[in-house]
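Form predicted on its own, single chain, as structure tokens, below.
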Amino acid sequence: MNAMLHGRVAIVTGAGRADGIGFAAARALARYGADVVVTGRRPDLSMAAIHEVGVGPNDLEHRAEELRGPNVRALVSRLDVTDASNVADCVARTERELGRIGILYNNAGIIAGAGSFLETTESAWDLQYRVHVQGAAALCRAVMPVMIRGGGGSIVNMSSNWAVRPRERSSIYASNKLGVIGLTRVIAIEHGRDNIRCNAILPGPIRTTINDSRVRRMSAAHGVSEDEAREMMAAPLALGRVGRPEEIAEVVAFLASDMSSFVTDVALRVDGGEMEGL
């Protein structure tokens, strides 16, 4: 095992789905020696009309058990990033049981209110902002004092290539993911002297459950098969294919490690070389 993260403690939000980017990142961090807290929120049945990234009652424990090993500890935290007290409790418990937190990966996300701009609702705008921007900010505010006391750390925030190359019907999502980049840059500028690095990842299309739901919508909208819809999605990419969660996870591990010790204030596209607009 490459132990470049041995002795580090990481919190990964939105890590409950076995095929998701969050758990792929948790797995990569653990493989490189970090102790990991896997977090996710329970499904909220009142939000059935949106693509909620909640997890089942036993999913998080299953994910943590997959990570545990002779040199890796893993904790479970049922975390709602929009609840400040819940966030504070998660951070306090992590420090108490695992030690100083040196890595934070803000991956928790939600898709709500996709549609033309004039069709969007105030509630959908509010929900996405509370999860993507306020939620990430809440984790940063809670974790950063721990990092400062311990001599520094690395924060990786999940944005999207839609932040810089938005699509139709994505006004809420694109706006909030652009907000994540702004948050990332301010933290990097204000706290570089505290030895805290902060970077954002802008993924392109990645093969996950949520992305598969987008493929199904494209398939229905264009009257093509799901394989054809996936080809349509990959067509603008230089690599000509959709990415894998593990390909984002390795970038997270790189940004969390000393291999990127002079990298901060970066919004890094990991999108297979999207050619549109070049």
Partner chain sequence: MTSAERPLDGKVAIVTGATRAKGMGHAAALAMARMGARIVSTGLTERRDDLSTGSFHQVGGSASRLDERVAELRAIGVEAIGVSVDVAKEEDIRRCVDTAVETFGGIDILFNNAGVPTGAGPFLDIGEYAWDIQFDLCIKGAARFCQAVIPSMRERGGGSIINNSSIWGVKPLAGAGAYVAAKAGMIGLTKAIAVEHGPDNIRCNAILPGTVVTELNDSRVAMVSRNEGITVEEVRERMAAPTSLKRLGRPEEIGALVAFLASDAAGFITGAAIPIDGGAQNGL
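Residue numbers count along the first chain shown, from 1. All figures in this text were calculated on a predicted structure; none of them were measured in a lab.
Only in words, not in the display: the form predicted in complex with the partner chain, which the text now covers.
Go through V146, I206, A138, L127 and name the one with a heavy atom inside 4.5 Å of the partner chain in the predicted bound form. Of the candidates V146, I206, A138, L127, I206 is the one lying within 4.5 Å of the partner chain in the predicted bound form.
Of the options L75, A142, A112, A188, which one has a non-hydrogen atom that comes within 4.5 Å of the partner chain in the predicted bound form? It is A188 that has a heavy atom within 4.5 Å of the partner.
Please name which of the stretches 178-186, 116-124, 75-83, 91-99 has residues with heavy atoms lying within 4.5 Å of the partner chain in the predicted bound form. Among the listed stretches, the partner-contacting one is 178-186.
Is D59 close enough to touch the partner chain in the predicted bound form, meaning at least one heavy atom pair within 4.5 Å? The answer is no: D59 has no heavy atom within 4.5 Å of the partner chain.
Proximity of M232 to the partner chain in the predicted bound form, heavy atoms at 4.5 Å: So M232 does not count as contacting the partner chain.
Close approach of A220 to the partner chain in the predicted bound form, 4.5 Å, heavy atom: Contact check for A220: no, nothing within 4.5 Å of the partner chain in the predicted bound form.
Should A18 be counted as a contact of the partner chain in the predicted bound form, where contact means heavy atoms within 4.5 Å? No.
Even though the chain is shown alone, can you say which residues of 256-272 have a heavy atom within 4.5 Å of the partner chain in the predicted bound form? Residues within 4.5 Å: M259, S261, F262, V263, T264, D265, V266, A267, L268, R269, V270, D271, G272.
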